[in-house]
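First comes one chain, alone, set out as structure tokens in the form predicted on its own.
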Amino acid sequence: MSKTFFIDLTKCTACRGCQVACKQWKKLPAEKTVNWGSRQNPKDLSGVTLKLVRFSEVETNGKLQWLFYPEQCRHCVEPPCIDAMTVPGSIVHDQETGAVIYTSLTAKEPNKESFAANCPYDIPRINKETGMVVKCDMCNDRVKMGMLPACVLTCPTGAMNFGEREDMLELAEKNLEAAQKRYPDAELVDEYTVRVIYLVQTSPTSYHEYLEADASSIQRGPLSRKQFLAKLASPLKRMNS
């Protein structure tokens, strides 16, 4: 039943419905924000904002691209943040769904900053009121009841998808093939090492510094034969697209 998100950024309109739905389901308060020169608000993830739609303006060959990127925990297949855990039970890796869950025991961790330091995507944040280290938990309570994560349910464009891992990998490859007809530089990001796969239309770093990670920093376990062959074939497929 291992689950995976597939997020097609070529279909994201930055409506921020996912960002709001996350707060509503988690009963998280709004943040007081200020105009800092971008339509993106708040400026960063925090102890009460676990999902954030980032905005970037990029000029390529004299043309402006406005890029939108709903950021959240990637739920790594082999989560490196577990190495930061010193209090047993602070992090639970649900083998049924694949969700990486931070529990209330993170409040007892002596070095809470180490969670973010061990994350190649710079995701974990500290809730100042509870002292807990927090992030997206895949709406694991909803998923265990057969429901979609709140962010996926609310997406009006089909940018956000969620389901069995093999189904999402298949959908990702299908959408990539279609996207490359319009965006030759389109690619999938870290699809073999995380459970939140992004389809980007241009370089991942154009969206955000931490959208992409060095796969070697998060792949601790061996790839399956199917994953290994697919990984070898990916660059060739993109060169011939």
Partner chain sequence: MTNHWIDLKNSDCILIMGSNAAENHPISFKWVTKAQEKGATVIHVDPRFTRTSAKADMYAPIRSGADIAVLGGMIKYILDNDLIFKEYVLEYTNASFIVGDKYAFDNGIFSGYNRETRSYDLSQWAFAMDENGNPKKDPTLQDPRCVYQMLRKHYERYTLDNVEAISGMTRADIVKFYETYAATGKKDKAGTIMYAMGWTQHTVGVQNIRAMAIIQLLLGNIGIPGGGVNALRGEANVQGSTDHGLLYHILPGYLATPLAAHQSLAEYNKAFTPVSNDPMSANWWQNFPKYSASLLKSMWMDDDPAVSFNYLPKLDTAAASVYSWLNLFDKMDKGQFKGLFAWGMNPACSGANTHKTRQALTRLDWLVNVNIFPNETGSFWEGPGMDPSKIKTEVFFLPCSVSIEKEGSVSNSGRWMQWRYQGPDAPHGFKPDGDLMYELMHEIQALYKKEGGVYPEPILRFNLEGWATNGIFDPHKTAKLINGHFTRDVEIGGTVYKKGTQVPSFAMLQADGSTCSGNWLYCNSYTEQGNMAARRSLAQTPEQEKLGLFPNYTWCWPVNRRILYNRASVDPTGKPWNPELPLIQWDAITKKWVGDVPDGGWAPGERHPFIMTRFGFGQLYGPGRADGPLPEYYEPLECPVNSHPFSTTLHNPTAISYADEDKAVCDPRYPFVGTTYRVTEHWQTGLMTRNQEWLVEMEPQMFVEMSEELAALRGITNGEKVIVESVRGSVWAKAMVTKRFKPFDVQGTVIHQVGLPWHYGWTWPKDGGDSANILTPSVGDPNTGIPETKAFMVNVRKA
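Residue numbers count along the first chain shown, from 1. All values derive from a computational prediction rather than experimental measurement.
Omitted from view is the form predicted in complex with the partner chain, to which the following refers.
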Report summary line: Partner contact check in the predicted complex: of 137-145, 116-124, 151-159, 81-89, the stretch with a heavy atom within 4.5 Å of the partner chain is 151-159
**Report entry** Touches the partner chain in the predicted complex: residue 205 (any heavy atom, 4.5 Å)
**Finding:** no
Query raised in the report: Could you tell me if residue 184 has a non-hydrogen atom within 4.5 Å of the partner chain in the predicted complex?
Result: no
Requested in this report: Check whether residue 192 has any heavy atom within 4.5 Å of a heavy atom of the partner chain in the predicted complex, and answer yes or no.
Outcome: no
Query raised in the report: Taking the shortest heavy atom distance, is residue 41 within 4.5 Å of the partner chain in the predicted complex?
Result: yes
Report summary line: Within 105-141, the residues having any heavy atom within 4.5 Å of the partner chain in the predicted complex are none
